[in-house]
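Encoded as structure tokens, the following chain is the form predicted alone, with no partner shown.
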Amino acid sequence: MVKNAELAYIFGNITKILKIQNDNVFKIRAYERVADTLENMPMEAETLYKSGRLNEIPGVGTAIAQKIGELIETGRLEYYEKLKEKIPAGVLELLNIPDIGPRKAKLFYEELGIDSVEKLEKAALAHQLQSLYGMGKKAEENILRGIELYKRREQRSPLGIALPIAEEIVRELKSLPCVDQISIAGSLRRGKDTIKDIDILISSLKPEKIMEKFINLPQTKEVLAEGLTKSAILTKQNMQVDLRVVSPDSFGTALLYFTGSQAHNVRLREMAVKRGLKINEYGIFQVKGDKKIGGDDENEIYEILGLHYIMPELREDMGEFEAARHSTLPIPVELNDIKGDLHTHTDYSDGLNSIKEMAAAAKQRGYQYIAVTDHSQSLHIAGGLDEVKLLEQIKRINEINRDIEGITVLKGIEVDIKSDGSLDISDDILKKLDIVIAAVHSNLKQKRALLTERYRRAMENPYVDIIAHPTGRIIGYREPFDIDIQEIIRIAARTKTALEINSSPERMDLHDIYVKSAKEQSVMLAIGTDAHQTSSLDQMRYGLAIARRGWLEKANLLNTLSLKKLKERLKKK
């Protein structure tokens, strides 16, 4: 089966080549939209193809449907192969570097013969880029920073990329009758925002059958190591997956050990030593007599050490042991606590689905409400709404709310914070909305004091309820803004403005450290998926991982409130 990820990769590359060739902008957008849709679509395109339903995929017309069919049937696409002949493969790779667009990639290749990231870095370090048209010292420095970001991205994958890969492998291995218990481990189990490798742990008395299945998985690109109890593969998405098989009586301590973090495990071992015990991946033992007193159950280890169970997301030696001793661990927020999504986009701006389709998808997920927060007019590239179009959308949402049952669509906007801190939609219009989220999308390199002041002005607006993706980072592509985040948290507390946990995999913004700081200062938070299509509503779980790592409970999140209480809370500002 040709996976959606493979199709998305090819259509994404087609988009890049067309951009370098300065092809028709509408043609480029069509391929870009299809690549994005395929990457996030829950159902495999091949399944739809075989049932003659490719036209159900948003943005797929006759021509693109034929190309998808060709890829599924033959494993290659003639159109793509001919496009690739016109441009060296390394030039495509340059487009993965922040601050390098098609024009610069083409310039570097034609003027300096740069067709790889390595050659680009060498040229930048030798200051050869500065003399090129449209370049300069600052642009060259930005490219070197971009290369560093690219290298880091190549080493680590966002949670939203790694977790679905791991879950798919777990499902396949779990089907084996010889598997006793199975779990994801490592930093992925702890819900870290980026992951280096995927760790999977299994308990079984027949490891050889499991290893045979593992190294021959359809996801396997390369076998990196093969053994009786430990093997490693590289997936087709270039993720390393390590599998360990242990005996059932050691599964609990092995899971604890391989989940980490290292700092957490060190503290556990120190506590054990003080009690005349020792812990390793095989079990927990009395030092005297080397008697094993536990190992099959993870929870039991904490009990033996006089602690309440510490959930994986908190295992960073950041106060969890003290809280476990004094019964002050947070009651973690769960997915079924979430009553709605407060940051979504529709086809009124740059989303792929209609308001009704997004509302139906939210209802299907058991939500009470969904906020439609399309972009405002300053964000031209995303088809931002001017005030006239926003008023039209308000009217349309009112009509939809009269027609549908079981879900309420909240009228909202993702309003742009302009360079001086003012908003690009007037207060007269904003006050007609149920919810307003404000965000910075332009002039991103303002000085620290100016950018922080820009946020202050926005948060002091009485109609701004939430600040979206506050630090502006895009993992592997853009560093967080140079802002005083602790000052922004203090302003949020004073103005009763919520801060968003943006659960889009490439953002994962706020970082859990700042989430915890916001909680400690009584700032409300809100998880928003930033969904641009119905399937992306499932990204809520990635924001939930940040919330749990930030010690949040239900009371700390806006979107755990019922619709009635949410509206009351929003009106208070």
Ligand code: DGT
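Small disclaimer: the values here were computed from a predicted structure and weren't measured. The first residue of the shown sequence is 1; numbering continues from there.
This protein has a second form, the form predicted in complex with the named molecule, left out of what is shown; the following refers to that one.
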Quiz item: So in the model of the complex, does any heavy atom of R269 sit within 4.5 Å of the named molecule?
Solution: yes
Self-check item: Contact flag, R396 vs the named molecule in the model of the complex, heavy atom cut 4.5 Å
Solution: no
Quiz item: If you check in the model of the complex, is K209 within 4.5 Å of the named molecule, heavy atoms only?
Solution: no
Quiz item: Using heavy atoms and a 4.5 Å limit, would one call I355 a contact residue for the named molecule in the model of the complex?
Solution: no
Quiz item: Which of these residues, E172, D197, D249, E141, gets a heavy atom within 4.5 Å of the named molecule in the model of the complex?
Solution: D197
Exercise. Name the residue from Q368, T471, S187, T235 that puts a heavy atom within 4.5 Å of the named molecule in the model of the complex.
Key: S187
Quiz prompt | Segment that reaches the named molecule in the model of the complex - one of 288-296, 341-349, 120-128, 189-197, heavy atoms within 4.5 Å | solution = 189-197
Exercise. Scan 232-265 and note down the residues that get a heavy atom within 4.5 Å of the named molecule in the model of the complex; none is a fine answer too.
Key: Y257, F258, T259, G260, S261, Q262, N265
